[in-house]
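Just one chain follows, in the form predicted on its own, and it is written as structure tokens.
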């Protein structure tokens, strides 16, 4: 089986436990990736890792070169992409510290390079996006969470906003009416670009704060970082179980 790729978000600057073998500086038609892609082994399992924000830099969500990142991972022959996203919780079950494996997405972003279709192929690239996350890869994540005893929400609607600012209380109320369970800034166009290239893609969302207006306390980066540090360990546990299950299969 070809190796998986992990795309890390805020709080996942490095994948602890990954023995890095080499860095790949992939030249793409769309420019540079966020940073060199790490190839390594997680235990004895081959794996690729990319930090989408470009650690140690800090590329804001609307400036990430999603096309270069996804194209580069595809060119390395990955079997699928598991994306780690930090999010705010909207629905009552999505409290800080909760892990969510979403099954749907609503895209509120604008102005991002959201497709590889430049109109040069002579036909339009209409992809089926009814299920934005790859079903089989989602089921693998859910099975890994169950077998590893990782508490999680097995579904949810991931609303993706433009950033880098956080949302207003009224915007969160609107998103709740739309059916969003969590809100983040980096889930799109990553998922759609992966679908265009035929790369299985699924997301693991870490809820690090209540969304705007849903808690009496102000949102602080210090609190969010504290929860991120705890959740990063849980994500590593989930990924470890996922890779072990793949090796057994």
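Positions refer to the first chain, counted from 1. All values derive from a computational prediction rather than experimental measurement.
Omitted here: the form predicted together with hypoxanthine. The next part is about that form.
At the 4.5 Å threshold, heavy atoms of residue 187 stay clear of hypoxanthine in the model of the complex, well away from it. The shortest heavy atom separation between residue 191 and hypoxanthine in the model of the complex exceeds 4.5 Å. Contact check for residue 208: a heavy atom falls within 4.5 Å of hypoxanthine in the model of the complex. Residue contact with hypoxanthine in the model of the complex: residue 103 places no heavy atom within 4.5 Å of it. Contact with hypoxanthine in the model of the complex, defined as a heavy atom within 4.5 Å, holds for exactly one of 140, 153, 167, 107, namely 167. Exactly one listed residue, out of 47, 50, 204, 183, brings a non-hydrogen atom to within 4.5 Å of hypoxanthine in the model of the complex: 183. Heavy atoms within 4.5 Å of hypoxanthine in the model of the complex are found in one stretch of 67-75, 158-166, 124-132, 141-149, which is 158-166.
Taking a 4.5 Å heavy atom cutoff to hypoxanthine in the model of the complex, the contacting residues in 63-98 are 86, 87, 88.
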